[in-house]
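Listed next as structure tokens is one chain, alone, in the form predicted alone.
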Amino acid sequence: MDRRRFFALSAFAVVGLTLAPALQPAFGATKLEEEVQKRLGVQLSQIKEVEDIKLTAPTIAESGANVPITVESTIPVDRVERLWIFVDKNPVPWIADVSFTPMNGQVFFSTRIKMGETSNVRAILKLKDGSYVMATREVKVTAGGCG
């Protein structure tokens, strides 16, 4: 292999490796979008954010291995069917799936989750009319807890 050909192939490889991650969203859905489609049967872009859901989580979590979150809603529990919690950048974005009945009294769920890195946490409610609503909150993680 001559020197010109080596430099041409090297330049082509560098450009390809540089552009490949930037082109990924244009060609395929992210893990979160795939997981939401698989679990809920709707696309993430079809779910609207509302202020009726209160997602409480720390702004900065020192350890991603133990992040406390709480989901509350002012929507009456008899109008809510299920709750899903997702973390955008976890290796498996799906965290929890909770069903509600009128015997719960209110929409309230509190737990601790693992997060691999700084990411958005999403709480998605399915209402009994078939629509979906969500709340999102960013949590900055200083030390990841997924590995």
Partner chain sequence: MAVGTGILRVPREAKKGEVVRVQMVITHPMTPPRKDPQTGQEVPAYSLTKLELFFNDKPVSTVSMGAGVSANPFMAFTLRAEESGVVKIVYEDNKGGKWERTAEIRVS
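Positions refer to the first chain, counted from 1. Here the structure is a predicted model, which is why all the values come from computation and not from measurement.
Omitted here: the form predicted together with the partner chain. The next part is about that form.
The contact with the partner chain in the predicted bound form, taken as any heavy atom within 4.5 Å, belongs to Ile113 out of Leu44, Ala61, Ile113, Val121. Shown without its partner, this chain lists Leu55, Leu32, Leu40, Val98 as candidates; in the predicted bound form, only Val98 has a non-hydrogen atom within 4.5 angstroms of the partner chain.
Taking non-hydrogen atoms only, Val67 approaches the partner chain to within 4.5 angstroms in the predicted bound form. The partner chain in the predicted bound form is approached by Arg82, whose closest heavy atom lies within 4.5 angstroms of it.
If you take 102-123 and check each residue for a heavy atom within 4.5 Å of the partner chain in the predicted bound form, you get Pro102, Met103, Asn104, Gly105, Gln106, Phe108, Phe109, Ser110, Thr111, Arg112, Ile113, Lys114, in sequence order.
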